[in-house]
Ligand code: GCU
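Listed next as structure tokens is one chain, alone, in the form predicted on its own.
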């Protein structure tokens, strides 16, 4: 498939949100027609589909006409879903698949209509009734395209060319330690909106003050003097704003007796926004999240981050998680562990997961897939990363559970990398300065002379929280007994252990001191040793075991113990808790 990151897309990624936009926020609160279901699918291994005009879905009209494909008569795949788990021959497939389906629609006078894709992995071209309308790169963020003129009354044919091919200058790049699921992996819908609608809004509590709300509302057109009303009925709050020449209205206001959201009390309020043509409402929570010295403060109180990571995957079916039910399953198992935080590794997970976490009272760390060997010297790659961060923030800026934006995982200090991450960080802060920004580093090393761990990294001054991935007892041998392992890392800032752990095959017993036993005995001891070491870290603000569930990864090739699975999970691929799960659970009860 052709590389579709265009110059226009790159420019859009660079600019902060400062003018009217066609972005659709809170899409599930809008007038929508779901287009999920069975779609026709044609595997295009040699990328011949464009030349053959599959996007037009033609049919023979005369006796001499014929085509070597037929979307209407092809085998079908579920949307949302991944092709890898639906057909055995596509389990490892990396390439292009053409998806197509018919749907019936009605054009509405005085309305605008959009196709909205919650996620397509990794890049795609979108065609409606034979006309190319959009391209998008980035598997884990939504995009939309206006179809007001292209839509027909009655039958329409929607065709999407999808590729999950790995590329050196992509994000993630050629190598990553999770399954390369391809397909239309999240919801697809037709959205109908007023001619001039509320496209984007931020209604957030100030980072520090407990009663000050900042509001920003953007119309889809740059119209000055439009009245915008914001209401929070439960606290009897109603304010009116006027848009400027860019179609943006901004204000700050104080609210008395505001109950703040927390893991113990995940309070949310109905917030209503309206203009002369449009109205939208949703449940929004309010909280303060900040750093003071080496502490993370939630609503002014020191909070230890009891976290865990998981992939957007249901291990029992070996496929992408995509539904509300999937979100509830993953988060319920995390909640049972005793967490107040989840790190959604290593990419932006679907909106159901983020919204359900907020309902359940779980803080969220979301990160974009800037994972290890990114092409940091490539300006197009940098623009793509900024686009991904912008799309993440724009989708979830009103989710108070989102407390941390992660900008990278396991990257190496260097001039090109640091310049890349500083640009990325500035892009995020231009949109949202109320969250804490972090990145996970795996370059903390043991200093034999000083007998401590330390980290030298040029990004330390720029981040709110310093996060460390360190697999003591698995990839690294203990230099001293765990209780004697000191840490001197970013001593003036909060330090978060963002990954640690080791692999074990569920039910396997063996010598707890032998790494190659792949046993629950060794994994359990490894966790006890790491927790003993954590007690020696003076600026520790939280930990996040890697990982909640065993997950699929072609990286993992041991025929007996892995067989294509990363076995670091506290829970097995069959949903069974390993002994190390109980070690973490008991530790979290004490914290």
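Keep in mind that this is a model prediction, so the values were computed, not measured. Positions refer to the first chain, counted from 1.
This protein has a second form, the form predicted in complex with alpha-D-glucopyranuronic acid, left out of what is shown; the following refers to that one.
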Tell me the stretch among 166-174, 302-310, 324-332, 471-479 that has any heavy atom within 4.5 angstroms of alpha-D-glucopyranuronic acid in the model of the complex.
471-479
Establish, in the model of the complex, whether 204, 390 and 432 all lie within 4.5 Å of alpha-D-glucopyranuronic acid, using non-hydrogen atoms for the distance.
no
Is residue 561 part of the interface with alpha-D-glucopyranuronic acid in the model of the complex - any heavy atom within 4.5 Å?
no
If you check in the model of the complex, is residue 376 within 4.5 Å of alpha-D-glucopyranuronic acid, heavy atoms only?
no
Give a yes/no on whether residue 410 approaches alpha-D-glucopyranuronic acid to within 4.5 Å in the model of the complex, heavy atoms considered.
yes
Is residue 556 close enough to touch alpha-D-glucopyranuronic acid in the model of the complex, meaning at least one heavy atom pair within 4.5 Å?
yes
Selected contact from 98, 371, 181, 127, since only one has a non-hydrogen atom within 4.5 angstroms of alpha-D-glucopyranuronic acid in the model of the complex:
371
So alpha-D-glucopyranuronic acid isn't shown here. In the model of the complex, which residue out of 123, 287, 346, 386 has a non-hydrogen atom within 4.5 Å of it?
346
Check each residue of 498-530 against alpha-D-glucopyranuronic acid in the model of the complex and list those with a heavy atom within 4.5 Å, in sequence order.
499
